[in-house]
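One chain is shown next in C-alpha coordinates, namely the form predicted on its own.
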Amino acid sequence: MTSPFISLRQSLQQAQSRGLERLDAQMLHLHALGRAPHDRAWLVANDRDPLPAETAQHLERLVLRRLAGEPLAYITGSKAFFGITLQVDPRVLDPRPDTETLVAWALELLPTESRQEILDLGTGSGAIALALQHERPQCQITAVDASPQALAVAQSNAQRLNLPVAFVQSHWMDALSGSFDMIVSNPPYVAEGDPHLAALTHEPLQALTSGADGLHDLRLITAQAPSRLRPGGWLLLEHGWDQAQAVQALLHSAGFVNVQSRLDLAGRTRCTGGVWPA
(Lines give C-alpha, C1' and ligand atoms only; values in the text may rest on other atoms or scores of the structure.)
Protein backbone atom coordinates (compact mmCIF):
# COMPACT_ATOMS: atom_id res chain seq x y z
CA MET A 1 0.00 0.00 0.00
CA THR A 2 3.05 2.30 -0.05
CA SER A 3 3.53 2.47 -3.86
CA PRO A 4 3.04 6.04 -5.16
CA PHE A 5 1.37 4.57 -8.25
CA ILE A 6 -1.38 2.56 -6.55
CA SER A 7 -4.91 3.62 -7.44
CA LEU A 8 -7.70 4.20 -4.97
CA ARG A 9 -9.51 1.12 -6.29
CA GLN A 10 -6.40 -1.04 -5.86
CA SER A 11 -5.89 0.25 -2.34
CA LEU A 12 -9.46 -0.60 -1.41
CA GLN A 13 -9.12 -4.09 -2.92
CA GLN A 14 -5.86 -4.69 -1.05
CA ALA A 15 -7.39 -3.64 2.26
CA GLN A 16 -10.25 -6.09 1.75
CA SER A 17 -7.91 -8.88 0.69
CA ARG A 18 -6.14 -8.48 4.04
CA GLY A 19 -9.36 -9.16 5.92
CA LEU A 20 -11.16 -5.82 6.26
CA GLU A 21 -14.89 -5.61 5.64
CA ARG A 22 -15.71 -3.55 2.55
CA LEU A 23 -17.43 -0.83 4.57
CA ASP A 24 -14.50 -0.60 7.02
CA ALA A 25 -12.07 -0.28 4.12
CA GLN A 26 -14.16 2.50 2.61
CA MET A 27 -14.50 4.36 5.91
CA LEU A 28 -10.74 4.22 6.54
CA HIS A 29 -9.99 5.50 3.05
CA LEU A 30 -12.43 8.37 3.41
CA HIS A 31 -10.92 9.24 6.79
CA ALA A 32 -7.35 9.15 5.46
CA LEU A 33 -8.34 11.31 2.50
CA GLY A 34 -10.16 13.86 4.68
CA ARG A 35 -13.54 13.07 3.15
CA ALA A 36 -16.88 12.91 4.98
CA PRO A 37 -17.85 9.39 6.17
CA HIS A 38 -21.04 9.44 4.06
CA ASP A 39 -19.11 10.23 0.85
CA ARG A 40 -18.75 6.66 -0.41
CA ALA A 41 -20.07 7.67 -3.83
CA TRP A 42 -16.96 9.84 -4.18
CA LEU A 43 -14.78 6.75 -3.77
CA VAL A 44 -16.56 5.07 -6.69
CA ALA A 45 -16.40 8.15 -8.90
CA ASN A 46 -12.68 8.62 -8.27
CA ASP A 47 -11.48 5.05 -7.85
CA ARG A 48 -8.92 5.36 -10.68
CA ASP A 49 -7.16 8.31 -9.03
CA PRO A 50 -3.66 7.60 -7.69
CA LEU A 51 -3.32 7.42 -3.93
CA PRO A 52 -0.58 9.79 -2.73
CA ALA A 53 2.35 8.02 -1.03
CA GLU A 54 1.88 9.93 2.24
CA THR A 55 -1.81 9.06 2.35
CA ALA A 56 -1.02 5.42 1.60
CA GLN A 57 1.46 5.29 4.49
CA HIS A 58 -1.07 6.88 6.86
CA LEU A 59 -3.71 4.49 5.62
CA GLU A 60 -1.44 1.51 6.26
CA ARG A 61 -1.23 2.48 9.94
CA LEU A 62 -5.01 2.78 10.12
CA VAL A 63 -5.54 -0.60 8.46
CA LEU A 64 -3.16 -2.28 10.89
CA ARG A 65 -5.06 -0.82 13.83
CA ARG A 66 -8.37 -2.09 12.46
CA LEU A 67 -6.93 -5.54 11.70
CA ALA A 68 -5.75 -5.66 15.34
CA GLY A 69 -9.39 -5.33 16.44
CA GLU A 70 -9.55 -1.63 17.36
CA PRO A 71 -13.07 -0.30 16.75
CA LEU A 72 -13.45 1.78 13.62
CA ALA A 73 -15.02 4.57 15.70
CA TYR A 74 -11.85 4.89 17.80
CA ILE A 75 -9.69 5.10 14.69
CA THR A 76 -11.81 7.76 12.98
CA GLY A 77 -12.84 9.42 16.26
CA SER A 78 -16.55 9.53 15.45
CA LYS A 79 -19.67 7.39 15.22
CA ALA A 80 -23.10 8.05 13.71
CA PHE A 81 -25.93 7.20 16.10
CA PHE A 82 -29.66 7.84 15.62
CA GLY A 83 -29.22 10.92 13.45
CA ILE A 84 -26.36 12.54 15.38
CA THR A 85 -22.58 12.18 15.12
CA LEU A 86 -20.73 11.42 18.34
CA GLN A 87 -17.05 11.85 19.06
CA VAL A 88 -15.77 8.68 20.73
CA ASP A 89 -12.47 7.34 22.02
CA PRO A 90 -11.28 4.50 24.32
CA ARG A 91 -12.71 6.27 27.40
CA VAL A 92 -16.20 5.11 26.32
CA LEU A 93 -17.83 2.17 24.60
CA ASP A 94 -18.21 2.26 20.84
CA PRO A 95 -21.98 2.92 20.48
CA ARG A 96 -23.74 -0.06 18.87
CA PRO A 97 -26.58 0.17 16.33
CA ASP A 98 -28.55 -2.26 18.53
CA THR A 99 -28.79 0.45 21.19
CA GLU A 100 -30.91 2.47 18.76
CA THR A 101 -33.65 -0.06 19.61
CA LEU A 102 -33.76 1.39 23.13
CA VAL A 103 -33.90 4.97 21.82
CA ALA A 104 -36.69 4.13 19.36
CA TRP A 105 -38.73 2.48 22.11
CA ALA A 106 -38.32 5.48 24.42
CA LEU A 107 -39.40 7.86 21.65
CA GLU A 108 -42.54 5.80 21.02
CA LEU A 109 -43.50 6.43 24.64
CA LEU A 110 -42.73 10.16 24.52
CA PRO A 111 -45.19 12.43 22.70
CA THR A 112 -43.55 14.83 20.23
CA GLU A 113 -44.11 17.86 22.47
CA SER A 114 -43.34 15.94 25.65
CA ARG A 115 -41.81 17.81 28.58
CA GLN A 116 -41.06 14.74 30.66
CA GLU A 117 -37.99 14.31 32.84
CA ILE A 118 -35.80 11.43 31.68
CA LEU A 119 -32.81 9.75 33.32
CA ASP A 120 -30.12 7.97 31.31
CA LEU A 121 -27.96 5.68 33.45
CA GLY A 122 -24.43 4.77 32.36
CA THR A 123 -24.42 7.33 29.57
CA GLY A 124 -20.88 6.70 28.25
CA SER A 125 -20.47 8.84 25.15
CA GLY A 126 -23.91 10.32 25.81
CA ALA A 127 -25.42 8.43 22.87
CA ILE A 128 -28.85 7.64 24.32
CA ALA A 129 -29.34 10.90 26.23
CA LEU A 130 -28.22 13.09 23.32
CA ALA A 131 -30.30 11.20 20.76
CA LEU A 132 -33.38 11.59 22.97
CA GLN A 133 -32.66 15.27 23.58
CA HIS A 134 -32.20 15.81 19.84
CA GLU A 135 -35.56 14.18 19.07
CA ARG A 136 -37.50 15.56 22.07
CA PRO A 137 -36.02 19.03 22.75
CA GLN A 138 -38.71 19.95 25.31
CA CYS A 139 -37.75 17.06 27.61
CA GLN A 140 -35.41 17.52 30.54
CA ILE A 141 -32.75 14.83 30.35
CA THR A 142 -30.21 13.93 33.00
CA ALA A 143 -27.33 11.61 32.10
CA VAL A 144 -25.34 9.72 34.73
CA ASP A 145 -22.04 7.89 34.66
CA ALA A 146 -19.67 6.73 37.37
CA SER A 147 -16.63 7.48 35.19
CA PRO A 148 -15.44 11.11 35.07
CA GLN A 149 -13.56 10.22 31.87
CA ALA A 150 -16.77 9.05 30.19
CA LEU A 151 -18.63 12.14 31.39
CA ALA A 152 -15.96 14.35 29.83
CA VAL A 153 -16.61 12.69 26.46
CA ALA A 154 -20.40 12.99 26.85
CA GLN A 155 -20.24 16.64 27.93
CA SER A 156 -18.00 17.46 24.98
CA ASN A 157 -20.51 15.83 22.63
CA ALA A 158 -23.38 17.76 24.22
CA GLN A 159 -21.55 21.07 23.83
CA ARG A 160 -20.61 20.37 20.22
CA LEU A 161 -24.20 19.35 19.37
CA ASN A 162 -25.67 22.21 21.45
CA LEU A 163 -27.94 19.84 23.37
CA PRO A 164 -28.80 20.85 26.97
CA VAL A 165 -28.44 17.48 28.71
CA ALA A 166 -27.52 17.69 32.41
CA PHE A 167 -24.68 15.41 33.54
CA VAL A 168 -24.10 13.90 36.98
CA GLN A 169 -21.27 11.70 38.21
CA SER A 170 -22.85 8.88 40.21
CA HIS A 171 -22.78 5.13 40.66
CA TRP A 172 -26.19 4.50 39.15
CA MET A 173 -28.72 6.45 41.28
CA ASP A 174 -26.65 6.76 44.47
CA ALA A 175 -25.98 10.52 44.13
CA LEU A 176 -29.38 11.46 42.70
CA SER A 177 -32.43 13.03 44.27
CA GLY A 178 -35.92 13.67 42.95
CA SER A 179 -37.94 11.55 40.55
CA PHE A 180 -38.27 10.99 36.82
CA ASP A 181 -40.94 10.11 34.27
CA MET A 182 -38.68 7.60 32.52
CA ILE A 183 -35.40 5.83 33.18
CA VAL A 184 -33.37 4.33 30.34
CA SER A 185 -30.10 2.44 30.58
CA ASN A 186 -27.61 0.44 28.55
CA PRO A 187 -25.62 -0.92 31.51
CA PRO A 188 -22.78 -3.46 31.51
CA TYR A 189 -24.31 -6.89 30.97
CA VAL A 190 -21.51 -9.23 29.86
CA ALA A 191 -20.54 -12.06 32.23
CA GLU A 192 -16.97 -11.73 33.50
CA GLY A 193 -15.94 -15.06 31.99
CA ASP A 194 -17.59 -14.53 28.60
CA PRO A 195 -15.23 -15.66 25.79
CA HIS A 196 -16.40 -12.78 23.57
CA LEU A 197 -14.49 -10.35 25.82
CA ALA A 198 -11.28 -11.40 24.08
CA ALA A 199 -12.42 -9.45 21.01
CA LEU A 200 -13.28 -6.34 23.05
CA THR A 201 -9.94 -5.57 24.67
CA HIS A 202 -9.81 -2.05 23.18
CA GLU A 203 -12.96 -0.96 25.03
CA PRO A 204 -13.29 -0.08 28.75
CA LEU A 205 -13.86 -3.33 30.65
CA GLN A 206 -15.86 -1.65 33.43
CA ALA A 207 -18.46 -0.62 30.84
CA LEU A 208 -18.85 -4.18 29.60
CA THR A 209 -18.78 -6.71 32.45
CA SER A 210 -21.24 -7.13 35.30
CA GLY A 211 -20.51 -10.00 37.64
CA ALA A 212 -20.42 -13.73 37.07
CA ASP A 213 -23.75 -13.85 35.22
CA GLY A 214 -23.76 -10.39 33.64
CA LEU A 215 -26.80 -9.32 35.67
CA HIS A 216 -25.20 -7.55 38.65
CA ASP A 217 -25.83 -3.98 37.43
CA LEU A 218 -29.25 -4.83 36.00
CA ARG A 219 -30.23 -6.07 39.48
CA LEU A 220 -29.01 -2.84 41.10
CA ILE A 221 -30.84 -0.62 38.62
CA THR A 222 -34.07 -2.59 38.90
CA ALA A 223 -33.89 -2.39 42.69
CA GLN A 224 -33.17 1.36 42.75
CA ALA A 225 -35.57 2.48 40.01
CA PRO A 226 -38.84 2.37 42.02
CA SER A 227 -37.54 5.07 44.35
CA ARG A 228 -36.77 7.38 41.40
CA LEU A 229 -39.71 6.69 39.06
CA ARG A 230 -42.99 8.56 39.18
CA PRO A 231 -46.16 6.46 39.04
CA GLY A 232 -46.77 5.35 35.47
CA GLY A 233 -43.12 5.85 34.56
CA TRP A 234 -41.21 3.41 32.35
CA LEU A 235 -37.90 1.68 33.05
CA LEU A 236 -36.27 0.61 29.76
CA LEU A 237 -33.15 -1.59 29.85
CA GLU A 238 -30.80 -2.92 27.21
CA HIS A 239 -29.35 -6.37 27.92
CA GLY A 240 -27.72 -9.40 26.32
CA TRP A 241 -29.53 -11.38 23.64
CA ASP A 242 -30.14 -14.27 26.06
CA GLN A 243 -31.04 -12.26 29.18
CA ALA A 244 -34.61 -11.14 28.44
CA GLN A 245 -36.28 -13.79 30.58
CA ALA A 246 -34.01 -13.00 33.54
CA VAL A 247 -34.57 -9.23 33.22
CA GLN A 248 -38.32 -9.70 32.92
CA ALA A 249 -38.21 -11.72 36.15
CA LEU A 250 -36.24 -8.92 37.86
CA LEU A 251 -38.82 -6.34 36.83
CA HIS A 252 -41.76 -8.49 37.93
CA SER A 253 -40.08 -9.15 41.30
CA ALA A 254 -39.53 -5.42 41.83
CA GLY A 255 -43.22 -4.72 41.25
CA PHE A 256 -43.22 -3.45 37.67
CA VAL A 257 -46.24 -4.10 35.44
CA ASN A 258 -46.75 -4.27 31.66
CA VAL A 259 -43.33 -5.93 31.40
CA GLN A 260 -42.31 -6.58 27.79
CA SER A 261 -39.28 -6.92 25.51
CA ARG A 262 -38.17 -5.60 22.12
CA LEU A 263 -36.05 -7.09 19.31
CA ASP A 264 -32.86 -5.54 17.95
CA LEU A 265 -31.91 -5.13 14.28
CA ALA A 266 -30.87 -8.78 14.06
CA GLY A 267 -34.16 -10.02 15.50
CA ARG A 268 -32.72 -10.84 18.94
CA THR A 269 -34.43 -9.83 22.17
CA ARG A 270 -32.31 -6.84 23.21
CA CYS A 271 -34.39 -4.53 25.44
CA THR A 272 -36.85 -5.11 28.27
CA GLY A 273 -39.00 -2.61 30.12
CA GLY A 274 -41.85 -2.16 32.50
CA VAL A 275 -44.10 0.44 34.11
CA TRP A 276 -43.97 1.48 37.75
CA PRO A 277 -47.62 1.23 38.81
CA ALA A 278 -49.71 4.13 40.02
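Owing to the predicted nature of the structure, the values given are computational and were not obtained by experimental measurement. Just count from 1 along the sequence shown to find any residue number.
Note that the form predicted together with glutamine (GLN) isn't included here; everything after this is about it.
Colleague: Looking at 165, 75, 93, 153, which has any heavy atom no more than 4.5 Å from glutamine (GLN) in the model of the complex?
Modeller: Answer to the contact question: 93.
Colleague: Where, among 172-180, 194-202, 142-150, 104-112, do residues come within 4.5 Å of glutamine (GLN) in the model of the complex by heavy atom distance?
Modeller: Single hit among the candidates: 194-202.
Colleague: Does the 4.5 Å heavy atom contact test between residue 189 and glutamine (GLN) in the model of the complex come out positive?
Modeller: Residue 189: yes, in contact with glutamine (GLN) in the model of the complex.
Colleague: With the cut-off set at 4.5 Å between non-hydrogen atoms, does residue 207 touch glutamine (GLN) in the model of the complex?
Modeller: Residue 207 belongs to the contact set for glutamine (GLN).
Colleague: If you look in the model of the complex, which residues in 240-278 sit within 4.5 Å of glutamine (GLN) (heavy atoms)?
Modeller: Counting only heavy atoms within 4.5 Å of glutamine (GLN) in the model of the complex, the single contacting residue of 240-278 is 270.
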